[in-house]
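There is one chain below, alone, in structure tokens, taken in the form predicted on its own.
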Amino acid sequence: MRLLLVFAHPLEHSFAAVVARTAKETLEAGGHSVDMLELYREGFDPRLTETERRGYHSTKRKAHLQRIRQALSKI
């Protein structure tokens, strides 16, 4: 199965980060394909400015949408 694991925490050594990495490793060991999207590492800003909203369909967010589509597609 193809999976997208979305993780958002500012500290790479936090308990949440350890849980996310463990989940990824466990899923991969079970034969799954895992794409781990680490929002803080990628500089993702959840706030949507007026300018971004006006150009919403042509922004850098397309890369995230592509990763979601890949996770939803069949292997």
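Computed from a prediction, not measured in an experiment: that's the story for all the values here. Don't overthink the numbering: it's just position in the shown sequence, from 1.
The form predicted in complex with a small molecule is left out here; the points below concern that form.
When the small molecule is considered in the model of the complex, only one residue from S14, T51, Q66, T22 comes within 4.5 Å through any heavy atom, namely S14.
Taking the partner from elsewhere, V6 is found to have every heavy atom lying beyond 4.5 Å of the small molecule in the model of the complex. A residue is said to contact a partner when one of its heavy atoms sits within 4.5 Å of a partner heavy atom; P10 meets this definition for the small molecule in the model of the complex.
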